[in-house]
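Shown below, as structure tokens, is a lone chain in the form predicted alone; questions about how it binds or moves come after it.
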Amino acid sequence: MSHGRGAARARGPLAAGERVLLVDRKDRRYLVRLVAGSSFQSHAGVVEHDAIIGADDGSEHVARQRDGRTGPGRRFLVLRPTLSDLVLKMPRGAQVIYPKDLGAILMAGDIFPGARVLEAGVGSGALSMTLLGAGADLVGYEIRPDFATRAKANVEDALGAGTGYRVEERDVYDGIDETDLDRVVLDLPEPWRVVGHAADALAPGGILLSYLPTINQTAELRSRLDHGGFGLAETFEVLRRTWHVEGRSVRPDHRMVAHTGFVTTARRISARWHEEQEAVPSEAGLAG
């Protein structure tokens, strides 16, 4: 595998070729790539790219109306987008994993710089760019050529061309060629079909992580993990609730991002430990 680290985050004045986030007074957000001589047009008017190029990150710009006038509310804040902004705004072919889950996946999967990671089901590349940003040495398996192409384009747009990101157009259900992996990360509808392959490909103590939308799929995976050379399995979901804070008005927001998916992790353990654990009566059985 190539050793990917991702491109360094840009600093200093905004430059042509960069993507920026335009935010209006109503918090509507637009992802725009700066091109000399071009302009961004919306209901609020026109913002010239040349006025933004060379300006500071976080600066404010006034949109002009087509008749040349400006007025209240026709202003945009211009920022370099965060990874979360890119994930939510980037072109996609598949449903992306939400930022609230991406952060939890990094921690639950213990992704570290130089970790040798296989990701299967790369989709639009949101998880790929998160793993690469954390310093993983990443290869992806993706069965759909259109998704593979989109993921590679999104990753290059976000992190640059020097990540060493490699995507193979192949079906992980048929097997894994890589060996001595630190992590196997799955975003697939039937991850239980990969458990045996992952057990062979992972180094001792390595982690399998799966992201699934339903608890029925998760239960199927957990059952397979219990008899597939894995232990210390854990499943969780992340619920994110923001708050409205304005003067003395402090309350939870009316809307929240609740269930999006279940994250399951398990460690590759020795066969002997697994056999001995199966021979020990469970606490539920002892209680009965």
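Quick caveat: nothing in here was measured; it's all calculated off a predicted structure. Residue numbers here begin at 1 and follow the sequence given.
This protein has a second form, the form predicted in complex with S-adenosyl-L-homocysteine, left out of what is shown; the following refers to that one.
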{"item": "Proximity to S-adenosyl-L-homocysteine in the predicted bound form, single hit among 96, 209, 176, 212 (heavy atom within 4.5 Å)", "value": "96"}
{"item": "Partner-contacting position among 115, 143, 83, 79 - heavy atom within 4.5 Å of S-adenosyl-L-homocysteine in the predicted bound form", "value": "143"}
{"item": "Contact label in the predicted bound form: residue 160 to S-adenosyl-L-homocysteine, heavy atom within 4.5 Å", "value": "no"}
{"item": "is_contact(residue 205, S-adenosyl-L-homocysteine) in the predicted bound form, heavy atom dist at most 4.5 Å", "value": "no"}
{"item": "Heavy atom of residue 138 within 4.5 Å of S-adenosyl-L-homocysteine in the predicted bound form", "value": "no"}
{"item": "Contact of residue 187 with S-adenosyl-L-homocysteine in the predicted bound form (heavy atom, 4.5 Å)", "value": "yes"}
{"item": "Contact stretch among 164 to 172, 197 to 205, 107 to 115, 214 to 222 - heavy atom within 4.5 Å of S-adenosyl-L-homocysteine in the predicted bound form", "value": "164 to 172"}
{"item": "Residues from 122 to 151 in contact with S-adenosyl-L-homocysteine (non-hydrogen atom within 4.5 Å) in the predicted bound form", "value": "122, 123, 124, 125, 126, 127, 141, 142, 143, 144, 147"}
